[in-house]
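Encoded as structure tokens, the following chain is the form predicted alone, with no partner shown.
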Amino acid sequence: MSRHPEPTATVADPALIEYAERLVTAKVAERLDALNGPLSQAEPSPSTTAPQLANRATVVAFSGDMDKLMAAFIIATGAAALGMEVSMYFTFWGLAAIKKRTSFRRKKVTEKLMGLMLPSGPATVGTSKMNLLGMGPAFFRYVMKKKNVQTLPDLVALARQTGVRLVACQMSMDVMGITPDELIDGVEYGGVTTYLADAREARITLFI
């Protein structure tokens, strides 16, 4: 019975093995570079990182309710007492908090009607609950006096004393028929860009 000769093992050339290893290493490195490229481009550069937040608080006073405005001023004055830079922006019904009187001089009929319907100042605003046709605010003021709690006019005065920045929305003033001479002294005037310039770097931003 004839037998086939067994195959003999061949020894590869060492130079050929070394060349193949270099070729594989080069291909792997090329693939890694291709993958690392998009990842490095996706990393944010230092110039695009979020801006450093300032020690600042901004409060938008939109409500015209006594209790909500009191909360806004308590927070604002409390932040100012802690050394924060505080800005309050008054828009629409919130403008009543910084009014000192209602004037009808040189106003259109619609503006005079608006003046008749709006509070003349912080002492005449209603409450969000239990207003009771105007009796509720008087009751709350009586209780706050008994409890030695500051009223809304007191808080407005305190905000001015502690350096809180008071800004009235010019657009809202035009809509509500409110003129600068109807507002308390020291009020600034601005728009949405004025608010956003402060809010974008503020640690605390509230809408009340």
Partner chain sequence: MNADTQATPEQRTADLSLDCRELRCPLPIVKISQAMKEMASGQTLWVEADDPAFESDLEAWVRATGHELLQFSESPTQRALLRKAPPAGWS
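Keep in mind that what you see is a predicted model, and the values were worked out from it rather than measured. Numbering follows the first chain given and starts at 1.
Below, we turn to the form predicted in complex with the partner chain, even though it does not appear here.
The closest non-hydrogen atom of residue 54 lies beyond 4.5 Å of the partner chain in the predicted bound form. Not displayed here, the partner chain is kept clear of residue 170 by more than 4.5 Å at the level of heavy atoms in the predicted bound form. At a distance threshold of 4.5 angstroms between non-hydrogen atoms, residue 175 is out of contact with the partner chain in the predicted bound form.
In the predicted bound form, residue 91 stays away from the partner chain, with no heavy atom inside 4.5 Å.
Between the options 69, 166, 155, 183, the residue in contact with the partner chain in the predicted bound form by a heavy atom within 4.5 angstroms is 155. Only one listed stretch (56 to 64, 157 to 165, 135 to 143, 175 to 183) carries heavy atoms within 4.5 Å of the partner chain in the predicted bound form, and that stretch is 157 to 165. Contacts between stretch 135 to 154 and the partner chain, counted in the predicted bound form as any heavy atom lying within 4.5 Å, involve 147, 148, 149, 150, listed in sequence order.
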